[in-house]
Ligand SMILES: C[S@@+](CC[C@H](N)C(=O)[O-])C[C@H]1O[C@@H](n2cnc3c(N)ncnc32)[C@H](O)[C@@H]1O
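Encoded as structure tokens, the following chain is the form predicted alone, with no partner shown.
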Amino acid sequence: MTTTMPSSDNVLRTDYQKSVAAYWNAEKDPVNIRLGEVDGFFHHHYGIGDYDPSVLQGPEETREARIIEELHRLESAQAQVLIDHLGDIRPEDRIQDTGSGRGGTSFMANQRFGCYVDGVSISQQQVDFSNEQARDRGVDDKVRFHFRNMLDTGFETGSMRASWNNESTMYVDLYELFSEHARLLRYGGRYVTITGCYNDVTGGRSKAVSRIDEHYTCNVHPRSAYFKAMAANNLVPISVVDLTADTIPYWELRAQSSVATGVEDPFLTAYKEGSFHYLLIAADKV
């Protein structure tokens, strides 16, 4: 897996990127840590599917543990749906987790396909955590994490069979991002993203979407920007799935948990008023 290592100056290229990296280097949010402790798959994204209402019933002393396990089941279900859309991946293939967080989706993809996975993050803390996880799992020969900028990864052109962003596109310019994905993917390779995007029809960011931006130091893109930027970079959508209704139960359950962060209300408001969508987009490199 020979790569060209970008210089350290090129990893964090702007003050904004430095601020995002500082945020994630310092982040120890229980909603990410406690859920991952359920089975060792640590995610940095949300969940989909109906939750089991019985978790809110039963003995009070075990109620919180039941909610945590159910939230983790929903976020792992989300990762499985993304992986389902990566296409036909063989053990000898390389795929990339772009904005890899603590590595949960990377490990799930390797477990599914037995393939090589390169995760990239501008958070050194996340990279170190994930590489330690890979060693503990005994898969560090195939799953590796790198302190790199997703807009300039340094990997070889055409080296990836598939790549994805799982809720990380809102931190970068989409044209630059999809240009890099298109460079990395071989002809016919598959790109997948699951992302929140604001609804062009409602005319700009709603107040609730602005609160989401503020909470995560991000910049949510309009829905149309994804398709324009993909078209400009030879990425042709093959599947577009609106997951908005599927993610609302996750947020309703999370709002009743001890790991609620205060951003639950803006998400629920934005989804229910129609100003915010949760989409999966799968596209092929042509």
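Just count from 1 along the sequence shown to find any residue number. Predicted model only: the values in this text are computed from it and were never measured.
The same protein also has a form predicted together with the ligand, omitted here; what follows describes it.
- Val120 is the sole member of Ala134, Leu71, Leu174, Val120 with a non-hydrogen atom lying within 4.5 angstroms of the ligand in the predicted bound form.
- Only one of Ser159, Asn110, Gln126, Thr195 comes within 4.5 Å of the ligand in the predicted bound form through a heavy atom, and that residue is Gln126.
- Screening 196-204, 178-186, 86-94, 143-151 for residues having heavy atoms within 4.5 Å of the ligand in the predicted bound form returns a single hit, 143-151.
- Contact annotation for Phe267: none of its heavy atoms lies within 4.5 Å of the ligand in the predicted bound form.
- Taking non-hydrogen atoms only, His221 never approaches the ligand to within 4.5 angstroms in the predicted bound form.
- Using a 4.5 angstroms limit between non-hydrogen atoms, Ser163 is distant from the ligand in the predicted bound form.
- By the criterion of a heavy atom within 4.5 Å, Val263 is excluded from the residues contacting the ligand in the predicted bound form.
- Interface residues of 71-108, taken as those with a heavy atom within 4.5 Å of the ligand in the predicted bound form (partner not displayed): Asp97, Gly99, Ser100, Gly101, Thr105, in sequence order.
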